[in-house]
Structures are given as structure tokens and as C-alpha cells.
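Quick heads-up: it's one chain on its own, the form predicted alone, in C-alpha cells.
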């Protein structure tokens, strides 16, 4: 079994202050290993997005430990944390987060620019071709469908060869056909034993793509299902 690319150990997170303070996570333990696609499922308010943000080093836990490639990140300064995110984490958001004034190619290339990798137009075009958008490299977001915009977001997440892809409801705004296409792309990425994919979702249609399904409720991991081999089934 491959080593974890990201793991959380006894992670606790409080949000807010004073009378409005609430405990979002209550001693969560979760590992994402290379070569697997994990679904994190639970009702609204269960702590899914908070956990995803902590695993991706966007948010700091109140207590507990997060490791990226075996390296604890608790005491890193903001610049070092930003480097960890650039080098090891690719984010995919439900709302795409594309820059409206940039073409598809430039949106993808931006992920390389922030890593200090200049003149990477070919790499951006190559990865857009991988997600089926070779003919849309010069298109702006408003010229793309929702499914195409999500493909650009995936291309941006994977172009830097991140250790982990963290996706927050990537199929939530898509129809069945586009949702299946997006999950097929993520499943292909997760076949690499050096990379893992964690998907936060409410969408039962994508269950067949999972190698493992983790259930969270009220800030606690309450169950886990391991699937020997992810299936490729219709989402219709």
C-alpha cells in the first residue's frame, strides 16, 4: 500500500468566537494515499469543506496534525505553507474560480506561473488536450459551458503534477453526462500511485468511481467503505 500523500491526525477545529463559537471537527483522522480516489460524504454542516480546507493547508486546525508527503505543516510560516500548496495540492471548486479575462490556456498556465515555471504555454495546451479541450484553448470562460469550465479547472489543478487533488462538489452543478466525464478524468488521475484524489460530494451518482468512501457527521468520521476496484458506470 502506498504512503499517504496527505493525512490528518486527531484534527480538531473550532470556528467563530464567543457565544457563536462551534466545533466543526472533533478529532478527525483521515489519510489520502497515492493511487486512490476517496469520496468524503456527509450532510450539510458536517465539516466536509472545513476538513478539505485544512487538508489543503488553507485553514489551520485548532489542534491535531496535518502532514503533506509525511511532513508536518503545523509550524510552517505563510510562505512555506504557500509553497506546500503550490507544489503538492491542486484544488477544484464547484464554482470553477476561473479568471474571466483570461483564456482557458492562460487560466491553466497561471498555475505554473505561480510556481515560477515560466513560458509554459505548451504544458497548458497539452493538459487541456488531455481533458478534451484542445479546440478551446483560446476561449474565455463565458464562451465555455459549465462542463467545459470545470474541465479547465481540472486542467489547472493537474498541470502542476500535484500530489493530491482536493475537489469540493466538482459535479454538483453539472448534468449527468458532464459529471461522469469529470469523474472519469479524476479517476484516471488517481491511477498514479504517487497521487491521490479526495472528492467532497453529496452526489450519489459518483459512488461507482470511488476506491474508498468516508462518511462524516457532526465533525466526526462515522464510517468508511473500501471498494476493491472502482467501477466505471453510467451516472444516468
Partner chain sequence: MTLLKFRLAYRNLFHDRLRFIATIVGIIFSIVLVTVQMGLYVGFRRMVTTMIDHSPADLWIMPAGTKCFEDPSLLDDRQRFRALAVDGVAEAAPVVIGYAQWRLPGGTTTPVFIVGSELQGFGLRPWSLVGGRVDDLSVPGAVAIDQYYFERLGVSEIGASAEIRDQKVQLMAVTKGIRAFTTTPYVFANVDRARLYTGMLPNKASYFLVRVSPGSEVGKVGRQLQESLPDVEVLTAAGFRSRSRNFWLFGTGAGAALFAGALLGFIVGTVIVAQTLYSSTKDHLNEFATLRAIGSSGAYIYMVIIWQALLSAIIGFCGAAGISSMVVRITADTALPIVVPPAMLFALFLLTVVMCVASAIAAIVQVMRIDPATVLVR
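Please read all numbers here as calculations on a predicted model, not as lab measurements. Residue numbers count along the first chain shown, from 1.
The protein also exists as the form predicted together with the partner chain; that form is not presented, and the subsequent description refers to it.
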With a 4.5 Å heavy atom cut-off to the partner chain in the predicted bound form, the contacting stretch among 172 to 180, 207 to 215, 53 to 61, 185 to 193 is 53 to 61
Taking 82, 97 and 168 as a possible spot, do all three reach the partner chain in the predicted bound form with a heavy atom inside 4.5 Å? yes
Close approach of residue 49 to the partner chain in the predicted bound form, 4.5 Å, heavy atom: yes
Residue 130 near the partner chain in the predicted bound form, any heavy atom under 4.5 Å? no
Residue 86 versus the partner chain, in the predicted bound form: is there a non-hydrogen atom within 4.5 Å? yes
Using heavy atoms and a 4.5 Å limit, would one call residue 162 a contact residue for the partner chain in the predicted bound form? no
Identify, from the list 123, 110, 76, 144, the residue with a heavy atom within 4.5 Å of the partner chain in the predicted bound form. 110
